[in-house]
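Encoded as structure tokens, the following chain is the form predicted alone, with no partner shown.
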Amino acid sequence: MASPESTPQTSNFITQLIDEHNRTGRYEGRVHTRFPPEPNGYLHIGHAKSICLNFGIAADYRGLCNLRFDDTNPAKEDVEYVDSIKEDIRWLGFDWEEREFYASDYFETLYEYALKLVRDGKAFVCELTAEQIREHRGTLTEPGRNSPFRDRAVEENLDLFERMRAGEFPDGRYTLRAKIDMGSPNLNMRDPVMYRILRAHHHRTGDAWCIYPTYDWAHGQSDSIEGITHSICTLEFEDHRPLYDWFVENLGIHHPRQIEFARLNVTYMIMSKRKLLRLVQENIVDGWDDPRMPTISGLRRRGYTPESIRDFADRVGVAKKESTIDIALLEHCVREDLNARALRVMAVLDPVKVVLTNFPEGQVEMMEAVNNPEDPTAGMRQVPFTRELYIEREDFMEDPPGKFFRLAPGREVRLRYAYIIKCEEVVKDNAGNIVELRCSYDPQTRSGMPEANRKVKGTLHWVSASESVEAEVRLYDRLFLREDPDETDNGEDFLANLNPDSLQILRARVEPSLVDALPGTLYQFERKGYFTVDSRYGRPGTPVFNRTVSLRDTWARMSTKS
């Protein structure tokens, strides 16, 4: 099955065009899409939108969607990236079945296609350097100039191109270019390069080739070979569509329809693979799967779910005009999904000790706690309660303001699922730091007791000092300080906008049930946010938790106000 859900895509300009094609019989009612990543980096949230769109449309029309790797630049490609891309797509819930292809599968066919254009006088071997080609290309307001090698005889072009393939020439010595129109207002039509000489070991073809096709030459022909009907790509390829059409028309082969949509941009996120690679190579982040990265693997490690990402892609929709989506919407989708599925537990991130002076020493009471109030099937759990506890340091103030409803000297609060306690004494060290709160508890206020419903204004989470487990908690925040990380004040590098506080590591105390929590397990730490067990550092017995998102939902608040 192509899609994890049968919910149809919302009608948009792409589906409207497909409906028109089906009505007129352009592709005999077939719908065949593809997702064509370059294996030169890890996929990010923008790719997730494209994955959902291509696989989703195929599923809606009972069609097919291929996975095809655009592996035409071996200098930047790696099997690591291939494997990560396949893992990400499967994790999102999509299946390309047996239709896994590579542009390199078609190198021989592409070469034969190129020979046809040479024989037809529509391609030529050029000796201009890359810099000279740029100079001859012209500008948006000035036409380009013909290469002095544009009018070579067909026989000479065939000879040179065959010798290029045979490896007779050094890298960069020649290129094969299409012969179209150097006066075209579209720069992509000004005799574009189809092949370049490049000696680089290819992850699939090894050293069999020393000439490699460009993206523009390989892409449309690969679509055609696979019988793709609708070649859905992002808006930056709109100006490339005339070239896409020119190639397939002049070859006389199956002609897919290229359709462009606006790429996904999200505030506080970088989507450039080149810049993401730099973050990795300069050790600014902890690899491609760092939870601060916008990569799918990073979001997965942070605790995002495939359902939340698919929901986000659906809410964003498909547009023709570029825009930037507020990251708050993405976080809202994550919260909505986790609220329904995440188990509730108690964790104290910045502990201060509480001693219940009237609670029996050595006694352990088990308190019954709700696992998830949103899920009636989630059941209950037992949480140990003892004389010595931990609460959050921020939940106590010696001299609180008027609307502070947590613990203070002489005040009462309820400990969640347990008793009402009252602060009787504050113990400090020689430096004046609070090290212990001495409190009393009301034994009649446990759940089910006569005074259990006695009202107090504050309810705090807690853990037992003796029965809880020490854990590392990683509080991840946005990697960049500005909504547009590329926007700087004085032309500085985008790294000037890095958030120095994007990661804070705490030594926390958590319920004993979490000691053997498995990597990837999702939790809501009550009153603190949603967390997951880290897949890299988390181990049974020594849990490490990543904060996925906080509980504060700014998108929901904005939506309510509007």
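A residue's number is simply how far along the shown sequence it sits, counting from 1. These numbers come from a predicted model, not from an experiment.
Just so you know, the form predicted together with the RNA exists too; it's not on screen, but the next bit is about it.
A.B. asks: Tell me, which of Lys275, Arg315, Arg341, Arg90 has a heavy atom within 4.5 angstroms of the RNA in the predicted complex?
C.D. replies: Only one listed residue qualifies here, and that residue is Arg315.
A.B. asks: Which pick from Arg387, Arg300, His255, Arg416 sits with a heavy atom within 4.5 Å of the RNA in the predicted complex?
C.D. replies: Of the listed residues, the single hit is Arg416.
A.B. asks: Where, among 203 to 211, 151 to 159, 398 to 406, 276 to 284, do residues come within 4.5 Å of the RNA in the predicted complex by heavy atom distance?
C.D. replies: Going by heavy atoms within 4.5 Å, the stretch is 398 to 406.
A.B. asks: Answer yes or no: in the predicted complex, does the RNA come within 4.5 Å of a heavy atom in every one of Ile51, Leu67 and Ser513?
C.D. replies: Checking in the predicted complex: none of Ile51, Leu67 and Ser513 is within 4.5 Å of the RNA.
A.B. asks: Heavy atoms within 4.5 Å of the RNA in the predicted complex: does Lys320 have any?
C.D. replies: Yes.
A.B. asks: Tell me, yes or no, whether Asp534 is in contact with the RNA in the predicted complex, where a contact means a heavy atom of each within 4.5 Å.
C.D. replies: Close contact is absent here: in the predicted complex, Asp534 is far from the RNA, nothing within 4.5 Å, heavy atoms only.
A.B. asks: Examine Leu551 and determine whether its closest non-hydrogen atom to the RNA in the predicted complex is within 4.5 angstroms.
C.D. replies: Leu551 belongs to the contact set for the RNA.
A.B. asks: Just to confirm, Glu238 within 4.5 Å of the RNA in the predicted complex by heavy atoms?
C.D. replies: Glu238 belongs to the contact set for the RNA.
A.B. asks: Scan 118 to 144 and note down the residues that get a heavy atom within 4.5 Å of the RNA in the predicted complex; none is a fine answer too.
C.D. replies: Leu128, Thr129, Ala130, Ile133, Arg134, Arg137, Gly138, Thr139, Leu140, Thr141 sit within 4.5 Å of the partner.
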